[in-house]
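Here you'll find one protein chain in two forms, each presented separately as structure tokens under the names structure 1 and structure 2.
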Structure 1
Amino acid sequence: MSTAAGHVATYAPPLRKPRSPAMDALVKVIRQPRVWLAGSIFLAIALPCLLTLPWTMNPASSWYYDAQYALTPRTPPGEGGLLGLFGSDMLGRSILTRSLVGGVISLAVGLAAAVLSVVLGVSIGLLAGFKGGWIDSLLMRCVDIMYGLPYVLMIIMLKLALEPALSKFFSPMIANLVVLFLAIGLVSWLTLARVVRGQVLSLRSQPFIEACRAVGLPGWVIFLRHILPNLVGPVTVYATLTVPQAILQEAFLSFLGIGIRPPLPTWGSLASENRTAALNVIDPEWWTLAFPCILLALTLLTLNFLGDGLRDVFDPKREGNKL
């Protein structure tokens, strides 16, 4: 159909408003199979642990994690109703309820230690990379020195130094938890500091940063609006991978007997306290060791898969990411 001027009328579709970078990243995360599959399995483990806390931490409830039943010790799985789904230990305590509480403690220590590690690592890495000069050299030499110290020895020294002081203000159980995630977090930020420093040094040499300096933008504007947003991807991926690392470190320390104090359980302490009964060659109580270790292994695997999926999302060079 022609107009009066002799031109053909064409239909122009309305322009779609472009998505913001945050919304675009969210859509990519949702479409990444590793992320939603690993996230679903992780939620299936974490949500029951959290939702049952009002019962598992209530001494008046039959689901109390330290409730001892002398008539039902060493019960195999499946006997005694839902409480006996995972069996019981030598004191008649339900492995199910202790695993639920142990999951909350392990995840809480892992998340708290990861947050502390990310805050320290990002702050020191940003300062070293952005300032450079003697500040960079001093901070990196401190990181090198801490890398050379034995990890377990550092945690033991931190526990000995901090726990008596915190016990004056908190209950022994709270002080033990706080000291553990402080000890793990204070020695887990070294790698992240190096990663962030390397990213900042790489970004400082990019043309868009040079353009920002050329137009006269102040340093704090360049730092907040152009350098920090470009670090969200690497920091998010590293933080996701730090959580399973912290959980595994807590399990290792509890297995050695220098982690969470009994009777409060974690997945690592459950494996430690039940290993003798579970590995008994005459009458093995395998369920006391198997279920906490399975939950721990599944959680670590799902968090590592989640970190891999986020890495695929935030790395533009990776294509065709599949399971």
Structure 2
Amino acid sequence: MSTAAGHVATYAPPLRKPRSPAMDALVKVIRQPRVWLAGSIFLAIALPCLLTLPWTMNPASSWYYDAQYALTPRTPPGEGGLLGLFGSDMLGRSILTRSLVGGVISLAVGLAAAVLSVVLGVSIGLLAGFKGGWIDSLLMRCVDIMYGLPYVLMIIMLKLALEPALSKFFSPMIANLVVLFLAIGLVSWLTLARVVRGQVLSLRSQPFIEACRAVGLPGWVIFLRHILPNLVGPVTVYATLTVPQAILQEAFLSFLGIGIRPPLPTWGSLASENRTAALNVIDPEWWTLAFPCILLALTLLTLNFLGDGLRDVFDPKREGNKL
């Protein structure tokens, strides 16, 4: 838990020469191997996915993500040049190009969910924890209710309700994607809200908040300067956890057959559509699953480490937490 000591440290006069905040952050980042190591691995995966989009989304190109019979169906990796680097699936499509496009969509799903859940979760958690009383009760009961509702049913309903409406503005493919973003985002803020509330509850009873109040600081100042900074840690952790979680959530929906709409891939849907062929007792076509899964796992691992590192960089209490 945060402590008065940890908090006061931010107000202690700087011992070294003051630097510009940006510079300061940069130095801190460089000092954190977690951040730049994880960050560079992440970029090494994400950038190629993004940069190859002009080819992978072009139906005329042989790198098109749905170019069937571009390779012989079920070719193991290694044959067919660069296109066949990761092998091909049952329709003769390159696993490489599908993994590249899948990466972009997976990351977009994760990002959208994280943004939605941070916005909703933090504001509702703060409101509940800070205001307390009946507002707290009401909001937390709402969260309880949301938790209680069947998730799969909610996704189905959201998709059914939103898709026709969105199809009027976007192409059906985009509409499907947007609905997926919303559906996953709208159900992933609950945990964050509870955690933020818990944190605020505990902060509220800390001596330094009482001290602030005794000094006569207005509520919003206490809130902005003393409570919010102390939430950065848990919120970053949960937000970075939300990205992988949302990506996995999409995989689960694909597993149930209500995720992304084929032929558009995500890493999760690639894993799901190839799992019975790849994880077979007999004659497993391992490459159809292994490569998307390795990319997925690497990305999620680095995202998690990135979150850890970032927390250490931006957390006001980062100094001296060692025994």
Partner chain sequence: MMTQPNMMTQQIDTTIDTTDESIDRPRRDSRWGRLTGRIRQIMSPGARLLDLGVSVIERGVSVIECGTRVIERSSRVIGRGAGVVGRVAMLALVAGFVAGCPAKESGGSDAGAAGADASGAAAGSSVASTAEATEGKRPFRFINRGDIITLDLNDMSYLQDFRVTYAIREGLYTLDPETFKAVPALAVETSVSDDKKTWTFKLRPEAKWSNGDPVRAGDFVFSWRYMLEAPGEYAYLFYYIKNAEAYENSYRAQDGAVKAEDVGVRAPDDLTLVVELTNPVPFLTDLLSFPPFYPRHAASMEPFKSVDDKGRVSYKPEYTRPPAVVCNGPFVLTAWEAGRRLVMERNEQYWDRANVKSPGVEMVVNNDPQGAFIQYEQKQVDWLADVGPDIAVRLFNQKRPDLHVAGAFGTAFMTLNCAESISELPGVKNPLSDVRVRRALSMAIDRTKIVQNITRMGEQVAERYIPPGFFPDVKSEPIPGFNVENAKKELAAAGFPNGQGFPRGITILYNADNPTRTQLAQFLKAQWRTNLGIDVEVKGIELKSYRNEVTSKNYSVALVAWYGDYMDPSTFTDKYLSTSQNNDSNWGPAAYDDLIARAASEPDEAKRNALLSQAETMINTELPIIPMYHYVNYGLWHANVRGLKMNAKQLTVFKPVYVAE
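Residue 1 is the first residue of structure 1, and the numbers go on in sequence order from there. On a predicted model such as this, the values are computed, not experimentally measured, just so you know. Rigid core here is just the name for the largest C-alpha set that superposes within 1.5 Å across the two forms.
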Name the structure that matches the description of the form predicted together with the partner chain.
2
Aligning on the core only, does the CA of residue 92 end up 2 angstroms or more away between structure 1 and structure 2?
yes
Check the Cα of residue 42 between structure 1 and structure 2 on a core superposition and give its shift in Å.
3.2
Core-referenced Cα shift (Å), residue 305, between structure 1 and structure 2
4.8
